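Read the single chain below, which is given as C-alpha coordinates and is the form predicted on its own.
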(Lines give C-alpha, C1' and ligand atoms only; values in the text may rest on other atoms or scores of the structure.)
Protein backbone atom coordinates (compact mmCIF):
# COMPACT_ATOMS: atom_id res chain seq x y z
CA UNK A 1 0.00 0.00 0.00
CA UNK A 2 1.42 3.37 -1.00
CA UNK A 3 -0.37 5.51 1.59
CA UNK A 4 -3.04 5.06 4.26
CA UNK A 5 -4.88 7.80 6.15
CA UNK A 6 -5.99 7.13 9.74
CA UNK A 7 -8.16 9.50 11.80
CA UNK A 8 -6.96 12.63 10.03
CA UNK A 9 -8.11 15.94 11.53
CA UNK A 10 -7.27 19.46 10.30
CA UNK A 11 -8.43 22.59 12.12
CA UNK A 12 -8.17 26.21 11.08
CA UNK A 13 -8.48 28.02 14.39
CA UNK A 14 -11.67 26.77 16.02
CA UNK A 15 -13.11 25.52 12.72
CA UNK A 16 -12.66 21.89 11.69
CA UNK A 17 -11.76 21.84 7.99
CA UNK A 18 -11.22 18.09 7.56
CA UNK A 19 -12.20 15.01 9.55
CA UNK A 20 -11.46 11.56 8.08
CA UNK A 21 -12.53 8.95 10.62
CA UNK A 22 -12.31 5.75 8.56
CA UNK A 23 -9.06 4.53 6.96
CA UNK A 24 -8.48 5.55 3.36
CA UNK A 25 -5.85 3.62 1.42
CA UNK A 26 -4.18 4.52 -1.86
CA UNK A 27 -2.29 1.83 -3.74
CA UNK A 28 0.45 2.21 -6.29
CA UNK A 29 -0.89 2.98 -9.76
CA UNK A 30 -4.33 4.15 -8.62
CA UNK A 31 -5.95 7.32 -9.97
CA UNK A 32 -8.02 8.97 -7.24
CA UNK A 33 -10.51 11.68 -8.20
CA UNK A 34 -11.47 14.03 -5.35
CA UNK A 35 -14.74 15.91 -5.63
CA UNK A 36 -16.80 18.15 -3.37
CA UNK A 37 -18.32 21.61 -3.17
CA UNK A 38 -16.31 24.70 -2.19
CA UNK A 39 -15.10 24.34 1.38
CA UNK A 40 -15.50 20.56 1.38
CA UNK A 41 -11.84 20.02 2.31
CA UNK A 42 -10.33 19.01 -1.04
CA UNK A 43 -7.31 21.33 -1.06
CA UNK A 44 -6.90 20.91 2.70
CA UNK A 45 -6.54 17.16 2.17
CA UNK A 46 -3.80 17.67 -0.41
CA UNK A 47 -1.93 20.09 1.86
CA UNK A 48 -2.22 17.70 4.81
CA UNK A 49 -0.78 14.80 2.80
CA UNK A 50 2.09 17.05 1.70
CA UNK A 51 2.75 18.17 5.27
CA UNK A 52 1.88 21.79 4.48
CA UNK A 53 -0.72 22.23 7.26
CA UNK A 54 -0.70 21.02 10.88
CA UNK A 55 -2.90 17.97 11.39
CA UNK A 56 -3.79 15.25 13.89
CA UNK A 57 -3.98 11.55 13.17
CA UNK A 58 -1.66 9.35 11.13
CA UNK A 59 -0.60 9.22 7.50
CA UNK A 60 1.16 5.89 7.06
CA UNK A 61 3.51 5.87 4.10
CA UNK A 62 7.14 5.33 3.17
CA UNK A 63 6.94 8.38 0.92
CA UNK A 64 8.55 11.66 1.89
CA UNK A 65 7.41 15.05 0.55
CA UNK A 66 10.30 14.76 -1.91
CA UNK A 67 8.61 11.67 -3.40
CA UNK A 68 5.46 13.70 -4.09
CA UNK A 69 4.74 16.30 -6.75
CA UNK A 70 1.89 18.81 -6.77
CA UNK A 71 0.14 21.06 -9.24
CA UNK A 72 -1.68 23.72 -7.20
CA UNK A 73 -4.47 26.00 -8.39
CA UNK A 74 -2.21 29.05 -8.71
CA UNK A 75 1.47 29.28 -9.56
CA UNK A 76 3.60 32.42 -9.89
CA UNK A 77 6.69 32.77 -12.06
CA UNK A 78 8.76 35.72 -13.25
CA UNK A 79 6.47 37.28 -15.83
CA UNK A 80 9.15 38.98 -17.94
CA UNK A 81 11.55 36.07 -18.39
CA UNK A 82 11.51 33.72 -21.36
CA UNK A 83 9.76 30.47 -20.48
CA UNK A 84 12.80 28.39 -21.41
CA UNK A 85 14.97 30.26 -18.89
CA UNK A 86 12.35 29.85 -16.13
CA UNK A 87 12.02 26.13 -16.86
CA UNK A 88 15.76 25.48 -16.90
CA UNK A 89 16.37 27.57 -13.77
CA UNK A 90 13.61 26.00 -11.68
CA UNK A 91 14.38 22.45 -12.84
CA UNK A 92 18.17 22.97 -12.71
CA UNK A 93 18.67 21.31 -16.08
CA UNK A 94 19.15 22.14 -19.74
CA UNK A 95 16.38 21.22 -22.15
CA UNK A 96 18.80 20.08 -24.86
CA UNK A 97 20.50 17.72 -22.37
CA UNK A 98 17.33 16.29 -20.78
CA UNK A 99 15.60 13.71 -22.96
CA UNK A 100 12.56 13.24 -20.70
CA UNK A 101 12.00 17.00 -20.58
CA UNK A 102 12.19 17.20 -24.37
CA UNK A 103 9.67 14.34 -24.61
CA UNK A 104 7.22 16.20 -22.36
CA UNK A 105 7.67 19.45 -24.29
CA UNK A 106 7.02 17.65 -27.57
CA UNK A 107 4.08 15.68 -26.16
CA UNK A 108 2.33 18.85 -25.03
CA UNK A 109 3.25 20.71 -28.23
CA UNK A 110 4.97 23.29 -26.04
CA UNK A 111 8.09 23.91 -28.12
CA UNK A 112 6.81 27.12 -29.79
CA UNK A 113 6.16 28.61 -26.33
CA UNK A 114 9.72 28.31 -25.02
CA UNK A 115 10.85 31.64 -26.41
CA UNK A 116 7.79 33.52 -25.12
CA UNK A 117 7.69 35.48 -21.89
CA UNK A 118 5.54 33.88 -19.21
CA UNK A 119 3.03 36.73 -19.19
CA UNK A 120 2.51 36.26 -22.94
CA UNK A 121 1.27 32.67 -22.54
CA UNK A 122 -2.42 31.83 -22.75
CA UNK A 123 -4.15 30.19 -19.79
CA UNK A 124 -3.87 26.75 -21.39
CA UNK A 125 -0.18 27.27 -22.19
CA UNK A 126 0.54 28.31 -18.59
CA UNK A 127 -1.13 25.14 -17.37
CA UNK A 128 0.91 23.03 -19.80
CA UNK A 129 4.07 24.75 -18.59
CA UNK A 130 3.33 23.91 -14.95
CA UNK A 131 2.23 20.36 -15.77
CA UNK A 132 5.51 19.70 -17.57
CA UNK A 133 7.44 20.96 -14.54
CA UNK A 134 5.42 18.71 -12.23
CA UNK A 135 5.65 15.63 -14.46
CA UNK A 136 9.42 15.89 -14.80
CA UNK A 137 9.77 15.14 -11.09
CA UNK A 138 8.64 11.57 -11.84
CA UNK A 139 7.16 11.39 -8.34
CA UNK A 140 5.66 8.28 -6.79
CA UNK A 141 2.50 10.28 -6.00
CA UNK A 142 1.36 13.34 -7.95
CA UNK A 143 -1.44 15.72 -6.95
CA UNK A 144 -3.35 17.78 -9.51
CA UNK A 145 -5.46 20.46 -7.82
CA UNK A 146 -7.96 21.98 -10.28
CA UNK A 147 -5.50 21.50 -13.14
CA UNK A 148 -7.81 23.06 -15.75
CA UNK A 149 -9.49 25.70 -13.59
CA UNK A 150 -10.23 28.93 -15.44
CA UNK A 151 -9.86 27.46 -18.92
CA UNK A 152 -12.58 27.39 -21.56
CA UNK A 153 -14.29 24.08 -22.33
CA UNK A 154 -12.34 23.29 -25.50
CA UNK A 155 -8.95 24.01 -23.88
CA UNK A 156 -9.93 21.97 -20.80
CA UNK A 157 -10.92 19.05 -23.00
CA UNK A 158 -7.70 19.10 -25.01
CA UNK A 159 -5.56 19.30 -21.90
CA UNK A 160 -7.46 16.50 -20.16
CA UNK A 161 -7.06 14.30 -23.24
CA UNK A 162 -3.32 15.00 -23.22
CA UNK A 163 -3.04 14.02 -19.56
CA UNK A 164 -5.12 10.89 -20.14
CA UNK A 165 -2.92 9.86 -23.08
CA UNK A 166 0.30 10.48 -21.15
CA UNK A 167 -0.68 8.39 -18.12
CA UNK A 168 -2.31 5.59 -20.08
CA UNK A 169 -0.53 2.26 -19.33
CA UNK A 170 1.79 3.98 -16.81
CA UNK A 171 2.06 2.94 -13.17
CA UNK A 172 1.86 6.49 -11.79
CA UNK A 173 -0.30 7.21 -8.74
CA UNK A 174 -2.44 10.33 -9.07
CA UNK A 175 -4.79 12.31 -6.88
CA UNK A 176 -6.88 14.65 -9.05
CA UNK A 177 -8.95 17.36 -7.37
CA UNK A 178 -11.57 18.76 -9.74
CA UNK A 179 -15.09 20.13 -9.90
CA UNK A 180 -15.31 19.19 -13.59
CA UNK A 181 -17.06 15.83 -13.79
CA UNK A 182 -15.84 15.06 -17.31
CA UNK A 183 -12.22 15.32 -16.14
CA UNK A 184 -12.77 12.73 -13.44
CA UNK A 185 -14.56 10.48 -15.94
CA UNK A 186 -11.35 10.40 -17.99
CA UNK A 187 -8.60 10.61 -15.36
CA UNK A 188 -9.85 8.73 -12.29
CA UNK A 189 -10.63 5.10 -11.54
CA UNK A 190 -11.59 5.71 -7.89
CA UNK A 191 -13.59 8.60 -6.44
CA UNK A 192 -13.31 10.27 -3.04
CA UNK A 193 -16.36 12.43 -2.26
CA UNK A 194 -15.87 15.05 0.47
CA UNK A 195 -18.71 16.99 2.06
CA UNK A 196 -18.19 19.65 4.73
CA UNK A 197 -14.79 18.19 5.60
CA UNK A 198 -15.98 14.60 5.90
CA UNK A 199 -15.82 11.56 3.61
CA UNK A 200 -19.22 10.96 2.05
CA UNK A 201 -18.04 8.03 -0.08
CA UNK A 202 -14.85 6.43 -1.39
CA UNK A 203 -14.35 3.59 -3.84
CA UNK A 204 -14.13 2.50 -7.45
CA UNK A 205 -16.25 4.53 -9.85
CA UNK A 206 -18.29 1.54 -10.99
CA UNK A 207 -19.03 0.36 -7.46
CA UNK A 208 -20.07 3.82 -6.27
CA UNK A 209 -22.32 4.29 -9.27
CA UNK A 210 -24.04 0.97 -8.62
CA UNK A 211 -24.47 1.82 -4.92
CA UNK A 212 -25.92 5.30 -5.35
CA UNK A 213 -27.53 5.17 -8.81
CA UNK A 214 -28.22 1.59 -9.78
CA UNK A 215 -27.13 -0.43 -12.80
CA UNK A 216 -27.96 2.26 -15.37
CA UNK A 217 -29.40 5.76 -15.33
CA UNK A 218 -31.58 7.31 -18.04
CA UNK A 219 -31.25 11.10 -18.12
CA UNK A 220 -33.75 13.37 -19.88
CA UNK A 221 -34.97 16.96 -19.90
CA UNK A 222 -37.05 18.04 -16.94
CA UNK A 223 -40.39 19.02 -18.49
CA UNK A 224 -43.94 18.61 -17.16
CA UNK A 225 -44.67 15.96 -19.82
CA UNK A 226 -41.50 13.99 -19.01
CA UNK A 227 -42.23 14.18 -15.27
CA UNK A 228 -45.69 12.77 -15.96
CA UNK A 229 -44.30 9.94 -18.10
CA UNK A 230 -41.73 8.95 -15.46
CA UNK A 231 -43.92 9.28 -12.39
CA UNK A 232 -43.97 5.53 -11.71
CA UNK A 233 -40.20 5.05 -11.97
CA UNK A 234 -37.52 5.56 -9.29
CA UNK A 235 -36.20 9.13 -9.72
CA UNK A 236 -32.73 10.09 -8.50
CA UNK A 237 -31.51 13.48 -7.35
CA UNK A 238 -30.16 15.43 -10.31
CA UNK A 239 -29.54 18.99 -11.55
CA UNK A 240 -32.84 20.90 -11.68
CA UNK A 241 -33.02 20.91 -15.48
CA UNK A 242 -32.77 17.11 -15.70
CA UNK A 243 -34.65 13.97 -14.68
CA UNK A 244 -32.54 10.94 -13.78
CA UNK A 245 -34.26 7.54 -13.74
CA UNK A 246 -32.59 4.64 -11.94
CA UNK A 247 -32.68 1.20 -13.60
CA UNK A 248 -31.60 -1.50 -11.13
CA UNK A 249 -31.78 -4.34 -13.66
CA UNK A 250 -32.26 -5.14 -17.36
CA UNK A 251 -36.02 -5.55 -17.05
CA UNK A 252 -36.40 -2.05 -15.62
CA UNK A 253 -34.17 -0.65 -18.33
CA UNK A 254 -36.17 -2.35 -21.10
CA UNK A 255 -39.38 -0.92 -19.67
CA UNK A 256 -38.22 2.70 -19.45
CA UNK A 257 -36.49 2.53 -22.82
CA UNK A 258 -39.69 1.33 -24.54
CA UNK A 259 -41.68 4.08 -22.83
CA UNK A 260 -39.31 6.89 -23.81
CA UNK A 261 -38.85 5.62 -27.35
CA UNK A 262 -42.60 5.20 -27.74
CA UNK A 263 -43.14 8.86 -26.81
CA UNK A 264 -40.20 10.07 -28.92
CA UNK A 265 -38.33 11.43 -25.88
CA UNK A 266 -34.63 12.20 -26.21
CA UNK A 267 -32.52 10.69 -23.45
CA UNK A 268 -28.98 9.82 -22.41
CA UNK A 269 -28.11 6.40 -21.04
CA UNK A 270 -25.21 6.23 -18.60
CA UNK A 271 -23.60 3.71 -16.29
CA UNK A 272 -20.89 6.12 -15.11
CA UNK A 273 -22.28 9.65 -14.75
CA UNK A 274 -20.16 11.12 -11.95
CA UNK A 275 -22.35 14.19 -11.43
CA UNK A 276 -25.49 12.12 -10.75
CA UNK A 277 -23.46 9.74 -8.58
CA UNK A 278 -21.95 12.61 -6.59
CA UNK A 279 -25.28 14.35 -5.98
CA UNK A 280 -26.91 11.15 -4.70
CA UNK A 281 -23.95 10.06 -2.59
CA UNK A 282 -23.85 13.47 -0.93
CA UNK A 283 -27.63 13.43 -0.39
CA UNK A 284 -27.53 10.00 1.27
CA UNK A 285 -24.57 11.03 3.43
CA UNK A 286 -26.36 14.16 4.66
CA UNK A 287 -29.48 12.18 5.48
CA UNK A 288 -27.40 9.72 7.49
CA UNK A 289 -25.80 12.57 9.45
CA UNK A 290 -29.14 13.94 10.66
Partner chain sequence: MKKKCNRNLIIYELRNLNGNIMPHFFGIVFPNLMCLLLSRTIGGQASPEVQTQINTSLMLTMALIMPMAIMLLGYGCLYSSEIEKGIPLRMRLFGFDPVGEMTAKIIAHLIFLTLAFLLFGLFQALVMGVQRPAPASFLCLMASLYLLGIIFLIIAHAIANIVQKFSVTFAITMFLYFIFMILTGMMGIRTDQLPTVLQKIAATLPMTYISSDFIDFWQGGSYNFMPFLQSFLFLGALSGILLLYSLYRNKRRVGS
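Here the rigid core means the biggest group of C-alpha atoms that line up within 1.5 Å when the two forms are laid on top of each other. Just so it is clear, the structure is predicted and the values come from calculations on it, not from any experiment. Numbering follows the first chain given and starts at 1.
Just so you know, the form predicted together with its partner chain exists too; it's not on screen, but the next bit is about it.
Trainee: Going by heavy atoms within 4.5 Å, which of 83 to 91, 204 to 212, 170 to 178, 145 to 153 lines up against its partner chain in the predicted complex?
Mentor: Flagged stretch: 83 to 91.
Trainee: Is residue 110 close to its partner chain in the predicted complex, meaning a heavy atom pair under 4.5 Å apart or at it?
Mentor: Although its partner chain is absent here, residue 110 would stay clear of it in the predicted complex, with no heavy atoms inside 4.5 Å.
Trainee: Residue 166 near its partner chain in the predicted complex, any heavy atom under 4.5 Å?
Mentor: No.
Trainee: Report whether the minimum heavy atom distance between residue 61 and its partner chain in the predicted complex is within 4.5 Å.
Mentor: Output for residue 61 is yes: heavy atoms within 4.5 Å of its partner chain.
Trainee: Taking 4.5 angstroms as the cut-off for heavy atoms, does residue 39 touch its partner chain in the predicted complex?
Mentor: So residue 39 does not count as contacting its partner chain.
Trainee: I need to confirm a contact call. Of 104, 133, 140, 121, which residue comes within 4.5 Å of its partner chain in the predicted complex, counting heavy atoms only?
Mentor: It is 133.
Trainee: Only one of 262, 239, 234, 51 comes within 4.5 Å of its partner chain in the predicted complex by heavy atoms, so just point that one out.
Mentor: It is 51 that has a heavy atom within 4.5 Å of the partner.
Trainee: Any CA movement of 2 Å or more for residue 83 between the shown form and the other one, core superposed?
Mentor: Yes, its C-alpha moves 2 Å or more.
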